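Below sits a lone chain in structure tokens, taken as the form predicted alone.
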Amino acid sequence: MTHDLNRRTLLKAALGSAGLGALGSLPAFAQDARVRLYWWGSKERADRTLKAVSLYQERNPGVKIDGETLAWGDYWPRLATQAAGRNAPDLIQMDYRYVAEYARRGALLPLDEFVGKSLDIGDFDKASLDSCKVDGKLYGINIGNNSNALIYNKAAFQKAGVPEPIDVTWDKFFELAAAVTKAHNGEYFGTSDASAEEVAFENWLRQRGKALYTEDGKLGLDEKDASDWFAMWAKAREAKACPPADLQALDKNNIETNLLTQGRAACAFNHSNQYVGYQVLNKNPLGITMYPQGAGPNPGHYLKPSMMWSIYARSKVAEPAVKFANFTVKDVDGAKLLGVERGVPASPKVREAVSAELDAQGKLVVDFISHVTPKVGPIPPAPPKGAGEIQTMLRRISEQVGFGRLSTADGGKQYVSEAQAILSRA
């Protein structure tokens, strides 16, 4: 928490300085809009966002943008508190899993009236637009597309003489991971423990023909599904393919503390847009590939907006907030500053312009999306209200199973029981 607070303070100061620099000697009356911008993510994302804010303020001296960022785990509780207090930021970086929940609470502003005016997203494909809609209304602006991605330390596999885990089955993946651990004398693990990672759990469920949630917002899995998931990772733990629970607990669910970044494990289960942030923090070249397959005959991957911009329903500066959002997804200069760190741009024109100037890391992400696209299934329904609490609950139960306080069977039973209770009162 201290790290996040310090970081937030520094970022706010940095944005303030950027704003002052951009405003220069302008008289106070020239500032006619002040937009509060809120996002989660790594330092790399913060740096890119700051540059986009600085350029936008330079071009629009009447607009001041105050930014605030937190790690994923702290971001959502704070946003929930602010929304409940009717004091949420104007421009909110939104995730697909939460957009329906916030829209149906009345916390987000429908954006349809801005389309074709200050919001120029007419060249976005239907999937990119539909994924940002709730009950037929547009509540988000797709910042970039992504998919699940296994990010791994290439050198760890190469030094161990073990093939890289490219498009392998789950059984083969754990076999390779255990071999990496053994080659590094048990002090460096072949993969992090992803039993608490909902994105990995969902991908594995989809391979089995299941889902986290049904179309009508019910739980899409049963006790056996959850128990089998915990059992698979318990077996990996026993085989030393992944670390013990006390080491895995050092991961605080962000790039900085992930065991890949800490030099404790060779693989991290994440999204393709996060590759850039991981590579910035890792000295060794990283690879990117699909999650392991084979839990069933169905595709686990799907394309989704990595994140979207949403506007707080009570914002008094909605129009300026929409214009800045549009700057980041449709203005080539703004989009280039963000690169593909938030995903591959949805606009074909912008995607082409951004891709032409990408470094090798950025091109890897674009190539990965091209590789995955023919293999994906349909995007699942937007998670229902309460889904955020269930995601946190998965992490808690996974840790209890990892520390041996719950059997895998009891963990599955408790997960389903608590999830159903959360959904029924949400």
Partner chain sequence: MTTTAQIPLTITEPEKRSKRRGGLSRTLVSYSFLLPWLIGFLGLTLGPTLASLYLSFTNFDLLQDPQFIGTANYQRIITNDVKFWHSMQVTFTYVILAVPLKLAFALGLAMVLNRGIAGLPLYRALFYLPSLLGASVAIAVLWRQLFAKDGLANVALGLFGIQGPSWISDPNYSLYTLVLLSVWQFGSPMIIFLAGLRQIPPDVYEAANIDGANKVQQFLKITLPLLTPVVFFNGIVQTIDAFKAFTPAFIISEGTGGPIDSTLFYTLYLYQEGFAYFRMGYASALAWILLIIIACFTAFSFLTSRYWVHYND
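In this text, rigid core is short for the largest set of C-alphas that superpose within 1.5 Å between two forms. Positions refer to the first chain, counted from 1. All figures in this text were calculated on a predicted structure; none of them were measured in a lab.
Separately, the form predicted together with its partner chain exists; it is not shown, and the next lines address it.
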{"query": "Complete contact of 133, 355 and 360 with its partner chain in the predicted bound form (any heavy atom, 4.5 Å)", "finding": "no"}
{"query": "Region of this chain that lies against its partner chain in the predicted bound form, out of 52-60, 389-397, 364-372, 33-41 [heavy atom, 4.5 Å]", "finding": "389-397"}
{"query": "One residue of 95, 198, 225, 74 in contact with its partner chain, assessed in the predicted bound form (non-hydrogen atom, 4.5 angstroms)", "finding": "74"}
{"query": "Single option in 286, 247, 234, 119 placed near its partner chain in the predicted bound form, where near means a heavy atom within 4.5 Å", "finding": "247"}
{"query": "Distance check, residue 126 to its partner chain in the predicted bound form, heavy atom within 4.5 Å", "finding": "no"}
{"query": "4.5 Å heavy atom contact, residue 80 to its partner chain in the predicted bound form", "finding": "yes"}
{"query": "Heavy atom of residue 309 within 4.5 Å of its partner chain in the predicted bound form", "finding": "no"}
{"query": "Residue 101, heavy atom within 4.5 angstroms of its partner chain in the predicted bound form", "finding": "yes"}
{"query": "Large Cα move at residue 343 between the shown form and the other one, threshold 2 Å, rigid core", "finding": "no"}
{"query": "Residue shift check between the shown form and the other one, rigid core fit, residue 86 Cα at least 2 Å", "finding": "yes"}
{"query": "Core superposition between the shown form and the other one, C-alpha change of residue 199 at least 2 Å", "finding": "no"}
